[in-house]
Structure formats: C-alpha cells, structure tokens
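Okay, so here's just one chain, in structure tokens, the form predicted on its own.
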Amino acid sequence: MNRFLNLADFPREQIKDLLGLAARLQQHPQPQALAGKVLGLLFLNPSLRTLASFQSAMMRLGGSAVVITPGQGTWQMETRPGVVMNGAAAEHIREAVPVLASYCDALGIRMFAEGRDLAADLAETNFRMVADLCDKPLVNMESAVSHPCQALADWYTMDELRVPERGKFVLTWVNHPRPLPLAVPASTVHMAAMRGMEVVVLRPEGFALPEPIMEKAREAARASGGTVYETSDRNEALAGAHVIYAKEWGSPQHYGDHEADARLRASLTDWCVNESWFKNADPDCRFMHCLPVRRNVAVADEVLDGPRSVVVREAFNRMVVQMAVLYRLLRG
C-alpha cells in the first residue's frame, strides 16, 4: 500500500486486514516500528482530532511528525493553478508539497472542498492535483468528498462494540448554521455499505446525497451483501436501527449558493437528534458522530452525554486505525 486516499480504492478484504492490524497494534504496541521515520502533515484546513491523532499515532510507533499550517508560522499558501501571485500568499503548493515531501518518509494532506462547483469537488479536482505533486506515501486527511481515516475508525468502533455486520445503519442529516462538506457523509455511507449493513440515508428534502456518491455506495453494498437507500421518513428510517450516525452537510441542489441553502434549512431546526429518535430503534442502538458537533443544534446534550453515545471512543480509534495505516505505508 502506497496511498490511502479513499476506502473505495481497496477491496473489502484489505480493509478488514487493516482493521485486524489496528487491533494487534492496540493490544501489542510496537514502539520502535517506525523509528527514524518522519511524517509530514500539511493542514490547509483546521483540525483537532486529525492533527493530534496522527501525531500521536506516529509517536507511538517510534516516528516523528512535522506539522505545517500555512499562515501560522509558515508562509500563506496559494493553491489555485495559473494564478498571478500578487496577493497575501507567498508560497505556491506546487513547490511546497514536493519540498515538504523531500524531508519526509510519508505525507498527510488535509484539503477541504471549495464548495463552489459540485462536479469539480465530486471529481476531487484540487486534491488530485496536489496528490500528483507527492512522490512519497500519501494519506488523505480529508478532501472534498473523502475522509477515509474517519470511516476506518467508525468501522473499527462498530466492530469493537459488536454491532452486527448485517445491522441497520442510519446516516442522518442534522442541522447546522451553515452548509458543511460532503466528505464525511460520502465516506460514512460507503463504509457502512462496504461492511455489509442495511444503510439508510435519512435527510430532509433538498439534502439528498449526490447520485455519484450513492451509486458508489450501492456498488459497495452489492459486493458485500448490504443495501443502501435514502428516505425523508424519520419513523421508517429509525425503526430497528443499530446505529444512528448524525452528520451535517450542505444542500447539493444549492451547492455554492449559501443564501438558498440557508433558506432551505431555516425550517429544519427539528433535525436535532434527541432521545425520542431512539424510541423505535434497537434497544442497544449506538449514537455516532465524527465531531466537532454543535450541541443542541445538531445533537441534544441528553444524547451526547448519554450511554448510547460513542463519539469519544470513535475519536480515540482515529489514532488506533491510523497507526495501522502508517505501519502499512512505511513498513509494508
């Protein structure tokens, strides 16, 4: 494995192998496995869990990490091709990535969607451009429509909790003051489909996931024996759920138009997960969210602080699965 960019790039058996490696490394640490190795981390967007978990994962394997956040101790960075650089940015990513890669044994890059052109973001146009500049093992730390490390951690968490592989997994849209990217919902629905689950995307009208994302998930479900469908019927979706996974995202039909998106979500304040959402779910139903989360906007305190919530465990497992990813990238 030389690149970890999207779960869809790998067969199910290889993902299961990574999960098995993560469990072994958690149970039997190898504090010198990556001694002398250096991981470069380029954050073009903010982070808490991704930043800390990658640094911790690398250090627990005996390696070290170099963190670059443009504009915070380093030059501001330009990413647009063909731009005349007469503004604030002094550095272009076309030089920055090869230089950083030359100092490191592997590179992680976080580069969100631009949020203006849906087709370009679905095609990962910007991330692919940056990835082509790197000649070292590369990890996607979240791009326009992929967050593979979060999805891997969520799969690992469900395995730990013995959530049935054929269980019912509900990915539900929840409220947020502004439109958020599609990376987590796209990766989450694909992960659950790949695991073989009955996957339901619950969302209000206007927030249906783009067809390319859904078709890729349906293809994964066909291969694994799972199913995928969308609905706006909350009662239907939540009945018998083994997992309710909440996530915010913007309206694809108003992509890039924040005013139209705001008008659409203005009447959707009831899309905040509270305990009533679990009344017809499986008795052992778990609540998941990738974090950060807007309390009492997206999810009520009673759920986040209650016994169903495994959000902190998910966050911890980011470090665990990333140790396995780094081990495979740098040890084979």
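Residue positions are given as counts along the sequence shown, with the first one as 1. Just so it is clear, the structure is predicted and the values come from calculations on it, not from any experiment.
Keep in mind that the form predicted together with phosphoric acid mono(formamide)ester is missing from the display, and what follows is about it.
Considering phosphoric acid mono(formamide)ester in the predicted bound form, the lone stretch of 266-274, 290-298, 63-71, 34-42 in range is 290-298 [heavy atom distance within 4.5 Å].
This chain is displayed alone, yet in the predicted bound form one of Gln150, Thr172, Thr157, Ser146 has a heavy atom within 4.5 Å of phosphoric acid mono(formamide)ester; that residue is Gln150. Listed residues Arg195, Arg203, Arg110, Lys168 were compared with phosphoric acid mono(formamide)ester in the predicted bound form; Arg110 is the one with a heavy atom within 4.5 Å.
Phosphoric acid mono(formamide)ester is not drawn, but in the predicted bound form it has a heavy atom within 4.5 Å of Pro46. Along 159-197, not one residue places a heavy atom within 4.5 Å of phosphoric acid mono(formamide)ester in the predicted bound form.
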